[in-house]
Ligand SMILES: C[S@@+](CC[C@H](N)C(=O)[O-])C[C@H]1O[C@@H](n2cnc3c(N)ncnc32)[C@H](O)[C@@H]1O
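Below, in structure tokens: the form predicted alone, a single chain.
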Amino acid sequence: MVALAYPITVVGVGPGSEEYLLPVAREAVLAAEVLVGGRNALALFDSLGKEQRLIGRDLDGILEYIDDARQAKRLAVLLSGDPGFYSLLPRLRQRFGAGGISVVPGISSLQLACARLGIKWDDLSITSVHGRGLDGLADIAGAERAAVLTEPKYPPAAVCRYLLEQGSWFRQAWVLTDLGLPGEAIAYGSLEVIAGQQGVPFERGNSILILLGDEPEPGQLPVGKTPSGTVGNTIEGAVSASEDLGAYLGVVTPGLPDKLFVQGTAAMSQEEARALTLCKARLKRGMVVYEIGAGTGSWTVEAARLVAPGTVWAVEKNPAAAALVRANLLKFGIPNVRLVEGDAPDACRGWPPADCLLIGGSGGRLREILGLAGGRLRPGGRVVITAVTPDTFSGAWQVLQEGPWEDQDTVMMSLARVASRGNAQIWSGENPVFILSARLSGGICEIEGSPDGA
């Protein structure tokens, strides 16, 4: 090995802000002539006017550059967080040997995340999906407390969806993004809630996800203040179920309270509208039911309870909404549902003949859905469609006047609830819901769009 003119100094720069940069790290940077690092790390020291080299995708090329530059110049490699925590340090050590480098520690994302939450981290099971995929989550299987470093391909919401599918039981999920930076965001929810969210920080890849098996302590929300004095954000408009299922386990009528369901950003019909919709479906035990546009899974759960031991075949194209469906099926202990992610009617191919078709969302493809999914209905099978706009209603009503449908019926349901306004109690109206229904005449429907041989 060629003798080093200068050692390579590996510097942990923390989360990327001046306030979390250790004095010893700053001294190491000042002593260097060349700085090698990621874009954010190098930006911390732009004002020094030193020679810089950006670490990109070509790691072998960067290692070659470092090997050449170290012969004549003092060189510092800047790594985010702490060099010993999921960083480039192992590659540097492998290439240049333990004697060829010196390491300056930094504050890791895990340390800062746990400090924000006011919790200890010495008993956390830690893993990363960077370059490992979701299989890396096997490292935290069975853990009571865990931390996951996410990446753009597998952001926090995707990780939570995967954990739910694996039957994970974590009660708290904290998403911490851009810690220590001006855009810092911190959000809290159950696995089900985080899995159903979209946007920042839930789909921001470079985040840290803290998972805890115990319930949050009183007063823990919202989380602690950042150095700039701003308070971390909790999830707006997304809540876990707020009422215990015990009192409703033996209830057989439709229209379970909305607060029993895990909810997110996906639309969910109100319990009264859900009750009337399912009444119009005339469900019986042992039926096979198709549900198009499962949303949060409230229809799915209720229909499955009503037709058991029959089966509900549900389709949902939004992965976040599909995660909520799975969460609610798990919560209610529903075994007789087959959920498919995809676009209807294509995702419905190969399904068995059905007795009822529930359509909560058609994506503008109602005619196709009635042609393919409706084409699988048994004689006398019913279709029930909900719409919230006059245009959608008009289009659905027109389609039901065509083909082999009979006993067409529709109602417009308008709800009002008592709400407080100052010292007074007033009626607060909800958006009207159109509920359309019809029955298939004759035998199995053979219209344009139905699969061959159906």
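Numbers for residues come from their place in the sequence shown, where the first is 1. None of these values were measured; they are calculated from a predicted model.
Not on display, but discussed next: the form predicted in complex with the named molecule.
In the model of the complex, the named molecule lies farther than 4.5 Å from every heavy atom of residue 102. When the named molecule is considered in the model of the complex, residue 336 lies well away from it, no heavy atom lying within 4.5 Å. In the model of the complex, the named molecule sits within 4.5 Å of a heavy atom of residue 130. In the model of the complex, the named molecule sits within 4.5 Å of a heavy atom of residue 149. Taken together, the three residues 192, 257 and 328 lack any non-hydrogen atom within 4.5 angstroms of the named molecule in the model of the complex. A heavy atom within 4.5 Å of the named molecule in the model of the complex is found for one listed residue only; from 80, 318, 168, 269, this is 80.
Checked against the named molecule in the model of the complex, the residues 384, 354, 75, 179 give one hit for a heavy atom within 4.5 Å, which is 179. Of the candidate stretches 345-353, 92-100, 303-311, 170-178, only 170-178 has residues whose heavy atoms lie within 4.5 Å of the named molecule in the model of the complex. Contacts of stretch 89-109 with the named molecule in the model of the complex, defined by any heavy atom lying within 4.5 Å, are made by 108, 109, listed in sequence order. Annotation: residue 142/residue 338 CA-CA distance longer in the model of the complex than in the displayed model, change of at least 3 Å.
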